[in-house]
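First, one chain by itself in structure tokens, the form predicted alone.
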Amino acid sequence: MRSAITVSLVPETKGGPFVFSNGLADAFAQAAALGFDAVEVFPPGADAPELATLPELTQRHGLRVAAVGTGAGWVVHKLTLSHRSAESRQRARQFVRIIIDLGARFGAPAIIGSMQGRWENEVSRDQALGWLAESLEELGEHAASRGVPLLYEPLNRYETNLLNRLGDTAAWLRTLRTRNIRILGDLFHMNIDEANSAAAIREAGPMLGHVHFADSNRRAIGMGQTAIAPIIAALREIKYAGYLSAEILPLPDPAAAARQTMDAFRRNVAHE
């Protein structure tokens, strides 16, 4: 397993669950100094000028890009893949496609999180899931054509009413034709909706493609109530070899959150 930490380039997310928010150069320098393996990037779009510095930053600091988030599609543009409007869904898919292309340049998958949307009002759950499935079929294959998987993140019940548990998500993804979608297991979301996070990881098994390394209060591991040892044991049991990426609140401050994350990673994982 490898370590990663998050940086958001989206002003609207300032103070949200991203450790760094002062630009890529700052995030890469701090991540490298602390010994992280990679940085997970949350951009406003694939055309953000600052992204042009990524090739140089990854080379200079010896870090990889762990994943690229698509959440700005919702946060900034209010686009979802399950919207009742076909035109809106198409714009959402296009936003995700260009993020997939961006990540693929660095061998990194894109993440579908908040852009999955929800069902409400005149839209039924079956309709919303049907539209989401259509989008994931297309986007999963687009990612495959670029040589990377696509990550789908079950969110907690307060953020979506579509899919909240890893096991349910794995079962639903298996009904799709595309085989290029992996599950992102976020330990914060799992703390809310899973009865047992370690069991949920075993249920997801080889479909687990990425992990957000967050404690029960969405702070760094060790700053909440999560019992991390059984979770790491479950990850080892399924032979998970991906990233543990800190998508967490920058508390008490970004530097402290980053240090705590690396300390927790070293204590629980790095001796492998």
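All figures in this text were calculated on a predicted structure; none of them were measured in a lab. Note that residue numbering follows the sequence shown and begins at 1.
Although not depicted, the form predicted together with L-Erythrulose is the subject of the following passage.
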Sort through Ala170, Leu155, Ala133, Ala104 and report the residue having a heavy atom within 4.5 Å of L-Erythrulose in the model of the complex. Leu155
So in the model of the complex, does any heavy atom of His61 sit within 4.5 Å of L-Erythrulose? no
Is there a non-hydrogen atom of His212 within 4.5 angstroms of a non-hydrogen atom of L-Erythrulose in the model of the complex? yes
Contact with L-Erythrulose in the model of the complex for Asn164, defined as at least one heavy atom pair within 4.5 Å: yes or no? no
Could you confirm whether Glu159 comes within 4.5 Å of L-Erythrulose in the model of the complex, counting heavy atoms only? yes
Assert contact_stretch over 185-193, 170-178, 141-149, 82-90 against L-Erythrulose in the model of the complex, heavy atom within 4.5 Å, equals 185-193
Partner contacts for 214-233, taking L-Erythrulose in the model of the complex and a 4.5 Å heavy atom cut-off: Arg218
